[in-house]
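Given next are two forms of a protein chain, the same chain in both, each as structure tokens and marked structure 1 or structure 2.
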Structure 1
């Protein structure tokens, strides 16, 4: 049941990305190109998604626990640290070069563009390096 519902949730997310146009790096890069071929569509994607989530979360959190797992695990940190700033800044540079963030990179996989087939494995390597780095630091602390 978890597997099936996890799959359907991912499918819904992916179809949303495609309908929104966010699966197309050209559209993402044009959103970021205010002084060139600017396409403001992505602001509507983010707005529609954030408002829906804002309202939906408040309905869901009236329950004691989620339907399939034992508890809600919601990030509780509120501090702004160097990792957050450095990580977000680094991500933004990569997003501006490739036009892919992690979700659209996955939905692009079966379309098999050469750029995607290079981006996706290197993204996973980058994730692996950062994960190991963070775990080493935690182990040393």
Structure 2
């Protein structure tokens, strides 16, 4: 059941991204081009997501436990460290250069646009390299 709900959630997310036009990197690049071809539609998508998440969490927190797990899995770390800052900066630079966020990149894959066919594999390689480097650094500490 958990796998099915995960599949349905991912499907809903992907359909929403396609409907909103977020699989087009030009949407992101135009959003970031405040003094040029500015397109605020990404802000509306983000705002809709934030409102939905806010309301959803308010409903879920009323429950004693989640439907499919024994308890809620809440992250315990609240600090802001160098890894978080470096990762956020790297993500933002990649997003600004490529115009893709990981979710929309996956939804654009079936369109077989050349940018997607380059971005997605290199994103996965970058994630793999970052994981290896982080594991090595942790092993040395």
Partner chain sequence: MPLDTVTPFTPLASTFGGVLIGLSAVLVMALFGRIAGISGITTGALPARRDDWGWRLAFVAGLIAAPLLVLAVTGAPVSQTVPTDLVAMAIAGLLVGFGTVMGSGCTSGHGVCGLARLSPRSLVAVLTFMATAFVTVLVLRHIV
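Whichever C-alpha set is largest while still superposing within 1.5 Å between the two forms counts as the rigid core. Quick caveat: nothing in here was measured; it's all calculated off a predicted structure. Numbering follows the first chain given and starts at 1.
Here the chain appears twice, and structure 2 is the form predicted on its own.
Lined up on the core, residue 133 has its CA atom moved by 2.4 Å between structures 1 and 2.
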